[in-house]
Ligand code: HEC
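Next up is one chain by itself, shown in structure tokens, the form predicted on its own.
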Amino acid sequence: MIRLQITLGLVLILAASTVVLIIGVRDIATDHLTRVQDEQHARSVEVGADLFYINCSRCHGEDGKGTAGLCPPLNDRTFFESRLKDIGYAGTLRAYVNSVISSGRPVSTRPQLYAGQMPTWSNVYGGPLRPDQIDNLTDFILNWQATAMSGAQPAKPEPEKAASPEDLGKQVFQRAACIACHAIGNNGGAVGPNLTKVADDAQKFIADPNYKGQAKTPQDFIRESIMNPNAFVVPGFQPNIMPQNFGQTLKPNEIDGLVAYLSTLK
């Protein structure tokens, strides 16, 4: 009887030890998985920060506070709390941010506040960034949620008074977010062709055997490129990245101003 009790006790001790060991291993594995996930997310946010600075900060600001009259703030409490409700979006905020970055926004949803058009960024839709880079950008933007300020959105700027068509065109170039994709000098993006000497380049493109447009002068070519970007795609760049509707979203005098301004770049 004593021997049976000893044997039973040993079995119970062994069983209890096994249970404790299993629980301990499970907890260690869970902690390790959580730590790995946290580390991966931190790396994603870090990569997203670099991508944001390179591709997005010119319009949305380095700190995500937006640019008055051009692009809305992302580092803002109202963005995280009410944006989805305001537009009637039924999905998650992550899905919304990811989809807008991926496919762009050719027409502003709040033109009375922000006149900028957002280009397509995912290479799934013809943009320059991979899906994993879009995920990195999404993680970085959502990382602002915990500390986002609860301030008012940038005030609508006073109406611009252009002294000349060239001045108006320069203002439109900034306001319409052209600078996000096209560089002039060392400032601007690289999604589209560099426009530093676009007036001289236009003459060369008209003479290109592959040119199928109707332009006869650099001014005509620049206007055609704004109104119908696919009339001639500069070698090394992809079609359909530039918005196709500037003829509808820009006023005739704004297009004239853009042509006048860009024609001075030689």
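Just so it is clear, the structure is predicted and the values come from calculations on it, not from any experiment. Numbering starts at 1 and follows the sequence shown.
One more form of this protein should be noted, the form predicted in complex with the ligand, which is absent from this view; the next part is about it.
- [ ] Give a yes/no on whether Gly66 approaches the ligand to within 4.5 Å in the predicted bound form, heavy atoms considered.
- [x] Heavy-atom contact with the ligand at 4.5 Å: absent for Gly66.
- [ ] Decide whether Arg83 counts as a contact residue for the ligand in the predicted bound form under a heavy atom distance cut-off of 4.5 Å.
- [x] Yes, Arg83 sits close enough to the ligand in the predicted bound form that at least one of its heavy atoms falls within 4.5 Å.
Open item on the list: Residue-level contact is defined here as any heavy atom of the residue lying within 4.5 Å of the ligand in the predicted bound form; does Tyr125 satisfy this criterion?
Closed with: Contact with the ligand, no.
Open item on the list: Is Asn55 near the ligand? Define near as a heavy atom within 4.5 Å, in the predicted bound form.
Closed with: Because a heavy atom of Asn55 falls inside 4.5 Å of the ligand in the predicted bound form, the answer is yes.
Open item on the list: If you apply a 4.5 angstroms heavy atom cut-off, which residues in 54 to 78 are near the ligand in the predicted bound form?
Closed with: In sequence order, Asn55, Cys56, Arg58, Cys59, His60, Thr67, Leu70, Cys71, Pro72, Leu74 come within 4.5 Å of the partner.
Task: Residue pair Ile54, Pro229 - Cα distance in the predicted bound form, closer or farther (3 Å or more) - done: Compared with the shown chain, Ile54-Pro229 is farther in the predicted bound form.
Task: Direction of Cα pair change Cys71-Asn245 in the predicted bound form, magnitude 3 angstroms or more - done: It is closer: the C-alpha separation of Cys71 and Asn245 falls by at least 3 Å in the predicted bound form.
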